[in-house]
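Take a look at this one chain, the form predicted alone, written out in structure tokens.
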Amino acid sequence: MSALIIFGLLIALMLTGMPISISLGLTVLTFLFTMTEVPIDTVALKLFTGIEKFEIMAIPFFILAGNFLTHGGVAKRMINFATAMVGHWHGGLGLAGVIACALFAAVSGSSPATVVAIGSVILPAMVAQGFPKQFGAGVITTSGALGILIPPSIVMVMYAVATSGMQVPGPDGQIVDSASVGELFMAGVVPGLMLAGFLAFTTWYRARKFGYPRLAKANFGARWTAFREAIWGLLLIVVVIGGIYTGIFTPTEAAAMSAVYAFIVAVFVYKDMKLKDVPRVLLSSANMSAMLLYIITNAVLFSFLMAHEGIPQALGEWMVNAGLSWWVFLIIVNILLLAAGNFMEPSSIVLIMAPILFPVAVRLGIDPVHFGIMIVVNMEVGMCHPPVGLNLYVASGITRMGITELTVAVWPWLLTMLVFLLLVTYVPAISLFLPHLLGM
């Protein structure tokens, strides 16, 4: 009964057009003050302790790094490198777009940032070369989603924060800890590269089928020059992933390192950003960080209310007692998350759903890392379909295309992503191979 009241109130507030963060906060306060006897001190304490976690500091740093890279010429050089390597294949510039998105995703951590950085450069070039605008928009909108799957990923940090401290008994009674940010980052490497391959294949197949243009094959000298120019941006991948894997620094420290490195590369190495532009980038990053931290704070309150009312535990008991198998549960989770993606953005979905679904998943024997990667892939799909797909709106701003037209343009790649989602859901080894190999 409590669950029905809480979610009914939340949905009612969201339907009024109220921002998700305020809807969460009002739902919690209304329920606590009218239906329980929880003291106000507890609510105030939760508001502060909710964003005290060390992992949360990674979010503003990754946002800042992504903004420096977006404005600092890194994307342009990555596109030149990718074009030199695969431009002579069918749909050359489209393939270069997929690879450039994958490379930029490995340094930015944000999906919309990837779409802006790569799309604003490569889409006009594709149209000028004779590609239909719809083809280019479909490639960049979906490939930009790699920004939250290939580490570093802000959504993975959100999942780790939402489930941190949870210790749930597994099917054998042993306590299972939540996934760490480092484990999730490593787990995202293989699925990220696989999805990039899937999207590249779809791009190549459609370009070959419809006879889209190809570039002349670049010689070794041109490839070496493109690589040398892109090396400073590519080295950031080594700094972040290598640093976390070798234990030189934690994911949060890696985020801080990437922000400093991105600043130096953008301002002093490539010199595409002037020192006078830095305050504007800092302000933009602060605005985005404040918005996300406000959502996190209210989502932590919502998780506290869920736990106080025993909703995740009751749901877990019901599913286990009903004899629900793990594979049926995963189907339900996928449908639920894809449906949520129709009217909520990824951060809110992860922060609301993960604390509820995580205990049930563990009770059914699903690995926390595998479950996290599956949620992230669901968020990728949600960013590319209407009505709230962030990537669609970002791509719409770049291409000047309507959302309906863009939705038609992305469907071949969106279908590819749904096939990949099924694969990730039911083949845990895709997510767990690298963390197990590294002894995590």
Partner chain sequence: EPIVIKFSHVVAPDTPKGKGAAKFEELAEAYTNGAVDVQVYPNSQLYKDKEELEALQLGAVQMLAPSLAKFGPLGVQDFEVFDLPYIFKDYDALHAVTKGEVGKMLLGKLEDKGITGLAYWDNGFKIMSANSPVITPDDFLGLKMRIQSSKVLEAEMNALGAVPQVMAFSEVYQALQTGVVDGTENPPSNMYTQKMNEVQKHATISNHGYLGYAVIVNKQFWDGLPEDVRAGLDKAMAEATDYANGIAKAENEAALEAMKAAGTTEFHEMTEEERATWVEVLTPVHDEMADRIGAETIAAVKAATGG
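Given the structure is predicted, the values throughout are model-derived calculations rather than measurements. Positions refer to the first chain, counted from 1.
Note that the form predicted together with the partner chain isn't included here; everything after this is about it.
Enquirer: Closest heavy atom of residue 325 to the partner chain in the predicted bound form, within 4.5 Å or not?
Expert: Taking the distances in the predicted bound form, the answer for residue 325 is no, it never comes within 4.5 Å of the partner chain.
Enquirer: So in the predicted bound form, is the partner chain close enough to residue 38 to count as touching (4.5 Å, heavy atoms)?
Expert: Contact check for residue 38: yes, within 4.5 Å of the partner chain in the predicted bound form.
Enquirer: Does the 4.5 Å heavy atom contact test between residue 415 and the partner chain in the predicted bound form come out positive?
Expert: No, residue 415 stays farther than 4.5 Å from the partner chain in the predicted bound form.
Enquirer: With a cut-off of 4.5 Å between heavy atoms, is residue 45 one of the residues that contacts the partner chain in the predicted bound form?
Expert: Yes, residue 45 is a contact residue.
Enquirer: Residues 180, 183 and 308 are flagged as a possible site; in the predicted bound form, is every one of them within 4.5 Å of the partner chain by some non-hydrogen atom?
Expert: Each of the three qualifies.
Enquirer: Among the candidate residues 232, 131, 204, 304, which is the single one with a non-hydrogen atom no more than 4.5 Å from the partner chain in the predicted bound form?
Expert: Contact with the partner chain in the predicted bound form is made by 304 alone.
Enquirer: Which residue, 165, 221, 211, 365, has a heavy atom that falls within 4.5 Å of the partner chain in the predicted bound form?
Expert: For this set of options, the contacting one is 165.
Enquirer: Where, among 88 to 96, 365 to 373, 246 to 254, 326 to 334, do residues come within 4.5 Å of the partner chain in the predicted bound form by heavy atom distance?
Expert: Of the stretches listed, the one contacting the partner is 246 to 254.
Enquirer: Residue by residue through 53 to 75, which ones have a non-hydrogen atom no more than 4.5 angstroms from the partner chain in the predicted bound form?
Expert: Read in sequence order, the residues that approach the partner chain (within 4.5 Å, in the predicted bound form) are 54, 55.
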